[in-house]
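Below you will find one chain, with nothing else, as structure tokens; this is the form predicted alone, and questions on how it binds or moves follow later.
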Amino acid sequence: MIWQALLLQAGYNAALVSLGAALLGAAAGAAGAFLTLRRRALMSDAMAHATLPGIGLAFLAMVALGGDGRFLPGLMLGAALTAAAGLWAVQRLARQMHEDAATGAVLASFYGAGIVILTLIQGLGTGRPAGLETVLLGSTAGMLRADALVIGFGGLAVICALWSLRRPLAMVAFDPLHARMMGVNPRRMDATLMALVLAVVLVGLNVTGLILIVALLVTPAVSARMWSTTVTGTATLSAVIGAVCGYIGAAISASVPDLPTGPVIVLLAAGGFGLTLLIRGRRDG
């Protein structure tokens, strides 16, 4: 069965999920490479956790408007709004305290609020809240064709954007002052990178969930950094690692009943990182 899934012969939906997960992994790997070079990896964690209350509030809003609350674009919009609010909160708090402390405070606060909202939703008995908690760890079992296409095209759009912006992003990551002298606005590039990372987080909700998407953003990038000494090489290799993990992880999940896709993808990425450590050892920087 696993070979059928790897060869895209396990069914139309399984093939779509595998290809969508591969594009998501590639986008996460490429975005994560620039994020780690900029030393902002923890920011992705804050954004991911800040999406949770937005998902709950979007569900309630759609139910109030007469829907069942499970419309994916609506959930993604709600997640994007609270994630943006979380990012804004981190930036404001960072003026008063260290950025890591600000990130941790926002992460915990938004995540706690999201858990409370989801718990209240489960007790309301309105809409279709069953399975809504899968945004935490991801689930592809009930994924529709439209959902898989959103994930695939969203991942592809992020990859194209990162490729076109790779030079200014690299300049800002290594020397913001030189980048400014060359006419590149570091704050604008940082904002663009965060927007692309947020896009990856949003399209990855159905596959890895908001908790594990952070691992997919960081782990392939750290592994790639040990094999490459150039920015383009690191981002490309990180994208390849993410794509392979996404594709194989989705195939394994499709082959084993009730096996969640997100944890399998993350375990594959972690295994690749462990193998890299054994072969290449620890590198400075």
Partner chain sequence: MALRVQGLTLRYNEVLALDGASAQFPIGSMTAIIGPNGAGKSTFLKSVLGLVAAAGTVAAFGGPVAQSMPRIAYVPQRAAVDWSFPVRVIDVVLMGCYRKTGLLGLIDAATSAHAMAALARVGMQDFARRQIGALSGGQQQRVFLARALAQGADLFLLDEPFAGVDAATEAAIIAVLKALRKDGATIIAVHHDLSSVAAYFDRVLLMNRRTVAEGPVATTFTRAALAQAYGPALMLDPTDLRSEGPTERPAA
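Since the model is a prediction, treat every value here as computed from it, not as a measurement. Numbering follows the first chain given and starts at 1.
Another form exists, predicted in complex with its partner chain; not displayed. Remarks below refer to it.
One stretch from 148-156, 79-87, 177-185, 198-206 that, in the predicted bound form, holds residues within 4.5 Å of its partner chain by heavy atom
Selected range: 177-185.
At 4.5 Å between heavy atoms, is residue 37 in contact with its partner chain in the predicted bound form?
So residue 37 counts as contacting its partner chain.
Any of the heavy atoms of residue 51 lying within 4.5 Å of its partner chain in the predicted bound form?
Residue 51: no contact with its partner chain in the predicted bound form.
Indicate whether its partner chain has at least one heavy atom within 4.5 Å of a heavy atom of residue 170 in the predicted bound form.
Residue-level check for residue 170: yes, a contact with its partner chain.
Would you please decide whether residue 255 lies within 4.5 angstroms of its partner chain in the predicted bound form, comparing each non-hydrogen atom pair?
Answer no; every heavy atom of residue 255 is more than 4.5 Å from its partner chain in the predicted bound form.
If you check 240, 60, 231, 248 against its partner chain in the predicted bound form, which one has a heavy atom within 4.5 Å?
If I apply the 4.5 Å criterion carefully, the residue I get is 231.
Partner contacts in the predicted bound form for 42-59 (non-hydrogen atom within 4.5 angstroms of its partner chain)
Heavy-atom contacts within 4.5 Å come from no residue here.
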